[in-house]
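One chain comes next, on its own, written as structure tokens: the form predicted on its own.
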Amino acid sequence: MQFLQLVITGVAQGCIYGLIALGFVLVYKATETVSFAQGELMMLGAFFGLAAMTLLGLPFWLSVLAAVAGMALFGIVLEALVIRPILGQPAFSIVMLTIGIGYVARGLVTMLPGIGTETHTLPVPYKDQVWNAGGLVLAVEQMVVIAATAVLCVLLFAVFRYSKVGIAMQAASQNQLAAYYMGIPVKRLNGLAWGLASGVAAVAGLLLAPITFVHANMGFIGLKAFPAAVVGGFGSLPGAIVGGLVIGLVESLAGFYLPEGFKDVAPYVVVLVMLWVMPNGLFGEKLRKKV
């Protein structure tokens, strides 16, 4: 029973990693660059939801929608004003830019008087509720994380499988130049990908906040979500979720069964093993270059 309890905890935590990893993959598939600002975008989404609930007094569900929509718009504007002008430059330039965006976002939040340096409780209606099911004690916060992740995955699958926008985004991710010649608005799709990644990050932040509170440093969890994207295969959306679940489960079980401290390094040990056994990840495409 204790093992099952640890598995449920690991799955819930893995869902958070998976959602952040989805942001990594969405941006990578659209622009072939890695955004290291996903953790901070998640943090901004959580603060956005907190402000909507406490300062504006909006109902919970309306606050969630406002936070996700606001962060999606923020991602689109961020891509247009900051990212797009340097696309085509060496990859490390964009990587450093996204790291800088993360530091700036964290710094700006920290400078907010009375808000940025404090730890806040997100007033969700299911706070501190538990279910008893056959001897298992299930925290409602964790069940909401798992259910919301499942619903979001279904929605994203439907968008990419059946909508024209989703199909166009897949085409652009395969070959941007060919997609451009076929009349697909690649630049707008890149902005949409950043908006989608920011909206998903906001969902992750709002799901994580009831468990770990809202604070300026909560974005550091993105450093653990990055291994999830690598394990799943960096270009695979399903791989991001599966990778997140793998990292969450390993972390949960390692924290209980292995010596103290190993929990924090377990995700990176998994990455090293995965890169050794399957360099492209669980769902990664095998690409070869002919010289």
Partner chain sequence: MRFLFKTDYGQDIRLAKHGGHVFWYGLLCLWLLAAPWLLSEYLLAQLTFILIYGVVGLGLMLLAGFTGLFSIGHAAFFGVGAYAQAVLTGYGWPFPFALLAGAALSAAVGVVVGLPALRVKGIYLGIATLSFGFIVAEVFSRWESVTGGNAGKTVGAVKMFGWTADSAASFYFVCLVVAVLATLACLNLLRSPTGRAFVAIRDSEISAQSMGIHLARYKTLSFAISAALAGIGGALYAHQIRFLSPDQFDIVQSIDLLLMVVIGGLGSIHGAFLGAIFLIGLPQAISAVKDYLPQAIGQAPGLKAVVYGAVLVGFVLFEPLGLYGRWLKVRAYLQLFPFYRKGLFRRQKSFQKSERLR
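Numbering follows the first chain given and starts at 1. Computed from a predicted model, the values in this text were never measured in an experiment.
Unshown form predicted together with its partner chain; subsequent notes refer to it.
Put simply, of 258, 62, 265, 69 only one has a heavy atom within 4.5 Å of its partner chain in the model of the complex, and it is 265. Put simply, of 125, 85, 134, 183 only one has a heavy atom within 4.5 Å of its partner chain in the model of the complex, and it is 85. Contact check for 48, 144 and 213: none of the three has a heavy atom within 4.5 Å of its partner chain in the model of the complex. Just one listed stretch, out of 135 to 143, 156 to 164, 199 to 207, 170 to 178, contacts its partner chain in the model of the complex at the 4.5 Å heavy atom level, and that stretch is 170 to 178.
Proximity of residue 89 to its partner chain in the model of the complex: non-hydrogen atoms within 4.5 Å are present.
Using a 4.5 angstroms threshold between heavy atoms, residue 230 counts as touching its partner chain in the model of the complex. Using a 4.5 Å cutoff between non-hydrogen atoms, residue 271 counts as a contact of its partner chain in the model of the complex. Put simply, residue 282 is far from its partner chain in the model of the complex: not one heavy atom of it is within 4.5 Å. Contacts between 99 to 118 and its partner chain, taken as any heavy atom within 4.5 Å in the model of the complex, involve 99, 100, 101, 103, 104, 107, 108, 110, 111, 117.
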